[in-house]
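Just one chain is shown here, as structure tokens, and it is the form predicted alone.
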Amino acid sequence: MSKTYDFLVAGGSIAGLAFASEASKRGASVLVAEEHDEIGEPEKCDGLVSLRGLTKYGYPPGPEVIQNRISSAVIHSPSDRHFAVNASALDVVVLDRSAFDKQVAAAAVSNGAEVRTGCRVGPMSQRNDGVEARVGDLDVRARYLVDATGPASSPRRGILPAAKYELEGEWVREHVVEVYLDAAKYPGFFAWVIPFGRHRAKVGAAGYGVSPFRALDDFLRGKNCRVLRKVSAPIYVGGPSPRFVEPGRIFVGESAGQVKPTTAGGIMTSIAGAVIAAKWAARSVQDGDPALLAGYRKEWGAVFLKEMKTMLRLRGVFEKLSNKDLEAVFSAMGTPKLVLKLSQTDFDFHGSALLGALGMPGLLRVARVVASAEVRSLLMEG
């Protein structure tokens, strides 16, 4: 059996589903192939996101999808000094990602897309008029393959091993996200606690060259808790890929590196990428003009590229810091004035927000800690 579509989407990720929903709403025929038997499973993302960004791009979560609302974030230094940022005005929530993905999948189907689970996209062959691939028992022809497979297609240089536990523990603070910095335990990243209910949290750790499950076990030592689920979930922090479009192929979401290099958060940026890609891809098919696809990278870049570059530079600085350096930087950042400014910024553009809150005096204090090309570049931009 064979069928023809405008777009074959490989991967029922949030980006793949948002692309399918938007493209089908614009009149395109779309097939989504998800290798797992159920959309949204296994749930690897912690679901921390700003409602503003999701609403802006047309995918506000239903109330049944929101697990928690975040009032503050507490940042811990290696010696466990800490400061808290009031997040009550930032509209930050924790989503049930499995339920949210199903919500977006339902929107895609309602708009006319087909979603098949339990099947992969087989080897693809290029044709003059598009691509061919086997999807389960179906021979599919499409104008474009949309790669939404996530880390499997992300540039390898940006992948970090990571793991998370979902657990119950009375020490979990219900509306407070906690971040633990330690260059020895989590080099290049951190450990985190994201509450998703009363005494329940998604607790994770990541870092270069670490065993994330061992790091999590060490982190939880002495904390009384019951582990509900364990998930291995590599994360991507390498910044936008140079390839958004190739002949016969479009990349969206994590496959295009549309993920924050600082925190690996990518729900909003991936949905934005999918929505923008679908707009230009649908136009390209309708007008029979492949050159229109160039509008995808241009539009996404106009909104996000500067911020992504800022985050990459901040990551470059962060990765060079020892624990002694982190303590010094922590002193520069933990001032009441800076904390107040951070509580009034944009959750989705936190790289620029951090630089704006630090200002030139703060950047100079950071520069005294670590002399690097990244800091010099940030100072020049400031």
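Throughout, we count residues from 1 along the sequence that is shown. Treat the numbers as computed from the prediction; the structure is a model and nothing was measured.
Just so you know, the form predicted in complex with a small molecule exists too; it's not on screen, but the next bit is about it.
Chemist: Should the three residues 148, 254 and 259 be counted as contacting the small molecule in the predicted complex, with contact defined as a heavy atom within 4.5 Å for each?
Modeler: Yes, each of 148, 254 and 259 comes within 4.5 Å of the small molecule in the predicted complex.
Chemist: Would you kindly say which of 193, 215, 183, 121 lies with a heavy atom within 4.5 Å of the small molecule in the predicted complex?
Modeler: The option sitting close enough to the partner is 121.
Chemist: Among 22-30, 310-318, 44-52, 60-68, mark the stretch whose residues have heavy atoms within 4.5 Å of the small molecule in the predicted complex.
Modeler: Careful reading of the contacts points to 44-52.
Chemist: Give a yes/no on whether residue 78 approaches the small molecule to within 4.5 Å in the predicted complex, heavy atoms considered.
Modeler: Outside the cut-off, so no.
Chemist: Even though the partner isn't displayed, in the predicted complex is residue 200 close enough to the small molecule, meaning a heavy atom within 4.5 Å?
Modeler: No, no contact at 4.5 Å.
Chemist: Can you tell me whether residue 97 touches the small molecule? I mean in the predicted complex, with a 4.5 angstroms heavy atom cut-off.
Modeler: Answer yes; at least one heavy atom of residue 97 falls within 4.5 Å of the small molecule in the predicted complex.
Chemist: Taking the small molecule as it sits in the predicted complex, is residue 265 near enough to touch it, meaning that at least one heavy atom pair lies within 4.5 angstroms?
Modeler: Judged by the heavy-atom cut-off of 4.5 Å, residue 265 is in contact with the small molecule in the predicted complex.
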